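Single chain ahead, written as structure tokens, the form predicted on its own.
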């Protein structure tokens, strides 16, 4: 690679500009990497707590449904849940975190989750549905946070690779090429001085 480099002052100036640009890019990408890591840690901590809460809520919901099932006839359960009256619409909007588009889920809820009369249903069914309703809010938030974390983790891996390539490959190669050109120019300068000294000696003789 170095053998094909033009050892000229113009090339040396061009390479020095490239080093300055690469160093600036390395600094900016390093800052981006650090900020994404910080945001990712924050989101991950929230996810851990949220997941535990959702798991506990879903476990309680399942327990309540089992109790409702034990206290009601199967046909009554089927009839009670046949025509839901609660409607949920999810709208996805996108925000930007360090130039990474991440989703933000907006819920639009209408109607009541209890969609049946009380003559053939037990109170456990009411409690189970209300528990499910509470769990669903946290479940939507958990899905949003986990998708954000996945997108940021992907961007973090890409940014780390770019930082490493700049730090360990591109910038060192540019510095090596600059040293090669500088040495070649210095060698040529010494040869010119030697020739001038010989010509001066010949003229004086």
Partner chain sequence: MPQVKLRQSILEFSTYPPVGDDDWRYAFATARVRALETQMLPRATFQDMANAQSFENALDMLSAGQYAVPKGAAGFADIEEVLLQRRAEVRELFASLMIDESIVELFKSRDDFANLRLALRRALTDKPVGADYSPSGNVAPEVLEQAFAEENYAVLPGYVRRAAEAATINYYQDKDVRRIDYEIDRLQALHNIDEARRLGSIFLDGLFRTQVDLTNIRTLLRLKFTESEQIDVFLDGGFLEPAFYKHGLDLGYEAIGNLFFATPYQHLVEVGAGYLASNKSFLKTEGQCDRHLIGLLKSTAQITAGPQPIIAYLLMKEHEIRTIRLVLTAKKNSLDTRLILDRIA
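Small disclaimer: the values here were computed from a predicted structure and weren't measured. Residue numbers count along the first chain shown, from 1.
Separately, the form predicted together with its partner chain exists; it is not shown, and the next lines address it.
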### Query
Based on heavy atom distances of at most 4.5 Å to its partner chain in the model of the complex, which listed stretch, 25-33, 48-56, 161-169, 64-72, is the contact stretch?
64-72
### Query
Taking 178, 187 and 190 as the candidate spot, are all three within 4.5 angstroms of its partner chain in the model of the complex by heavy atoms?
no
### Query
Using 4.5 Å between non-hydrogen atoms, is residue 97 touching its partner chain in the model of the complex?
no
### Touches its partner chain in the model of the complex: residue 101 (any heavy atom, 4.5 Å)
no
### Query
Counting only non-hydrogen atoms and a 4.5 angstroms cut-off, does residue 107 reach its partner chain in the model of the complex?
no
### Message
Is residue 135 near its partner chain? Define near as a heavy atom within 4.5 Å, in the model of the complex.
### Response
no
### Task
Just give me the residues of 82-105, first to last, that have a heavy atom within 4.5 Å of its partner chain in the model of the complex.
82, 83, 85
